[in-house]
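As structure tokens, one chain now follows by itself in the form predicted alone.
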């Protein structure tokens, strides 16, 4: 099956569900989310069968002009799977989160205003899948805007909640600002190279024509694009939106932003930087800029997380901190030809981050529903009211901190390995300090779970979907901590 069918099927599924939700009378809208989940599982299976033009060069579709804008390699397949899995888990989380959505959209007794919420993530998923295959800056920009516009709606979806509306306005204003940086940077790059195709730009920088390129305007354009993409990945100086938006948005949206939007930003950033990091003309200044961004992001994210009392805000600053580790892997650039290259390390780190973060957000969503809050104090005594859930949360937070024998440790280890190989000693010192700081604020939550008395003796019970997802994600975090080969196989 041609690979471009995957995005077409995802968009079609989203449109069909929107139409069905509008015309099928139903008291509960959970069926929309379950139908979306079933469709995503089917598309996920088809991803393993998808092929690009190199696999079937004799086919008529293999010679279409589409392939000048769309690539399908190992990295593209991996990030398509990543987008589908993250969307699937977010949709399942939203099914159990319907009571909160109903309370702040229509009224607590009606789910009539929640149906679209289960279908909209499919359009963001399609945008992320297109980004994974982007070969042209124009096409990448359109795909990125599809993701961003969908998130504008999802962030402000709870229209009766002031926090959600405030988060939507902040995300919209700063998102528009980042889009301006991105478009202006693309314009400078086009004016310098006379092309938007990344493969053509790579060819220009590698042959004799590189001497004809004006270095200063090209570097200026690269810097502007990196600032624009910094908004998507949550890097300094475009990180100011993250705490307020994460806190105000519905919890499934926050989870999707933390994982899906970040992954979309990083795959585009890697595709964009590859030709410039492979050229002597631009490699050194770009790596220097990446290193500065990585260190600033590490320091800001980890230090700002220390005083937080709201668990959602703590996860927001934690997200910034993890973006710093991912940027450090890019700053210690190893080309795609290397056995352990930066793209593989970033992809592996993001895969483990998906498991850990979504597991934590599944637990946070249930605490929000059953205890009515998202502060760290709302987790007090969870070890007494639901020991199994408390144990899962402990494992997931320990993995985020980087405790050995968890998937989070393996990801951080590879980042540190690349930094050592690149001799980034002072950046390595900052990363070590950041990792140590992470232990403090993650274990602050674990302390509340096990050592603080519960606010009441009412047990916290999990619905079947959340219970299954939390159990699977926790087991995978432990499994990949001692046997990471399945993720590496996807990246070979």
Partner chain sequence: MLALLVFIPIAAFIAILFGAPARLTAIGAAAVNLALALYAAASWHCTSWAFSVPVLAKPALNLAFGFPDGMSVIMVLLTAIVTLAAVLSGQAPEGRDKLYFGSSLLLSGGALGAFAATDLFFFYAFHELALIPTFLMIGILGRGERRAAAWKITIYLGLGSIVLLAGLVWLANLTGTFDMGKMVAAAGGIEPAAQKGIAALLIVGFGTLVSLFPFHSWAAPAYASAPAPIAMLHAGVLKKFGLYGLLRLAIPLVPDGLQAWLNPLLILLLGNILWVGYVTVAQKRLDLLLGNSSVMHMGYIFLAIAALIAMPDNPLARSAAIVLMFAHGISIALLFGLADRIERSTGSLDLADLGGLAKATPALAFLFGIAAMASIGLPGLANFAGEVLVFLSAFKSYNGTTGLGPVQLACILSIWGVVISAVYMLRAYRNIFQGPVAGLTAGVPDIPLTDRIPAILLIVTLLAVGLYPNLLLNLLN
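Computed from a predicted model, the values in this text were never measured in an experiment. Numbering follows the first chain given and starts at 1.
We do not show the form predicted in complex with its partner chain, though everything after this point is about it.
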Is there any non-hydrogen atom of residue 48 lying within 4.5 Å of its partner chain in the predicted bound form?
no
Indicate whether its partner chain has at least one heavy atom within 4.5 Å of a heavy atom of residue 488 in the predicted bound form.
yes
Can you tell me if residue 388 lies within 4.5 angstroms of its partner chain in the predicted bound form, counting non-hydrogen atoms only?
yes
Please determine whether residue 95 contacts its partner chain in the predicted bound form, using a 4.5 Å cut-off between heavy atoms.
no
Answer with one of 190, 220, 417, 184: the residue that has a non-hydrogen atom within 4.5 Å of its partner chain in the predicted bound form.
417
Residue (of 446, 43, 430, 424) lying close to its partner chain in the predicted bound form, criterion heavy atoms within 4.5 Å
446
Picking from 62-70, 24-32, 435-443, 463-471, which part of the chain touches its partner chain in the predicted bound form when contact means heavy atoms within 4.5 Å?
435-443
Since the partner is left out here, which residues of 402-416 would have a heavy atom within 4.5 Å of its partner chain in the predicted bound form?
403, 404, 405, 409, 410, 413, 414
